[in-house]
Ligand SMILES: Nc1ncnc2c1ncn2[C@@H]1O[C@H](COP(=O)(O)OP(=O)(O)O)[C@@H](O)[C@H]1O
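First comes one chain, alone, set out as structure tokens in the form predicted on its own.
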Amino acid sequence: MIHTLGIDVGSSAIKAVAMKLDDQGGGGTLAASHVNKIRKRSVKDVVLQVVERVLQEGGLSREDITYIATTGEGEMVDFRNGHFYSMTSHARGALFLSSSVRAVMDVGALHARVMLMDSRSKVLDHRMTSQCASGSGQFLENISRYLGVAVEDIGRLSLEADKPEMVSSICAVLSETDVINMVSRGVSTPNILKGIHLSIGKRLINLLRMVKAEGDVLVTGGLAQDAGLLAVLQSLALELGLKVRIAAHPQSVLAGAIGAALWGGYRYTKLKMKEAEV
């Protein structure tokens, strides 16, 4: 039995998991996990805090960890053993969370992307939005702050909308101006939020169409638990006749870190096999 640590360094949050694997680097189970927002603090300090929390919750020490793998912006983690490409990590983590998944929709703080994958989590195709687009988690968080709404309430309020108004621009700055104008016209908060979800959702669904996704699609990233966005995505997919089932997992936000930990176990066992052959 070996333990690996996966660290996903995002633009707004650090996610880390400890995985328990068999001696061949497979059969993984999640031993512990933790997520922490960066909030203008030193990224390296937050990484250390998250790692220590995961070790504590898993009843582990640094010496118990066989391999430390990073993804995202994890190259800056100087105590890592290896770094794995973000799309590859999210695909592997998504497959761990749901074995039927054949596409991943990763909606992060600065951008969103869709990855088509096979049954072994090999990425076959991908598409992503530009970083200047308003279809991101950071944009939605900024708008919720302006509206005086807690982030965790966005999804619930969006589901209450009866006459949503979409923002008209893909530029985040101009979209914020749209929202300000909506507020001045008396548009309700639920209708504003659902309008933003529709704007984001149409871009994400377009990415799904571009990779020709079919079957189960797992939403990962910071917006994976936004019930309003998930409802809009599935509704848009049905309207367009796409043969997909879009859903999230309670641990979707950990997909990148889980994938990195699993790839770390795989790489470790391969290296040990090579050493044994020498």
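Position 1 is the first residue in the sequence shown; the rest follow in order. Keep in mind the model is a prediction, meaning the values are calculated, not measured.
There is another form of this protein, the form predicted in complex with the ligand, and it is not shown here; the text below is about that form.
The candidate spot formed by 100, 118 and 213 lies out of contact with the ligand in the predicted complex, as no residue has a heavy atom within 4.5 Å of it. For the options 49, 251, 225, 66, the one in contact with the ligand in the predicted complex, meaning a heavy atom within 4.5 Å, is 225. For the options 109, 128, 182, 77, the residue carrying a heavy atom within 4.5 angstroms of the ligand in the predicted complex is 109. Comment: 145-153 is the region of 145-153, 92-100, 119-127, 77-85 lying near the ligand in the predicted complex, near meaning a non-hydrogen atom within 4.5 Å.
The ligand is not shown here, but in the predicted complex it comes within 4.5 Å of a heavy atom of residue 138. In the predicted complex, at least one heavy atom of residue 13 sits within 4.5 Å of the ligand.
In the predicted complex, residue 41 stays away from the ligand, with no heavy atom inside 4.5 Å. Residue 37 belongs to the set of residues with a heavy atom inside 4.5 Å of the ligand in the predicted complex.
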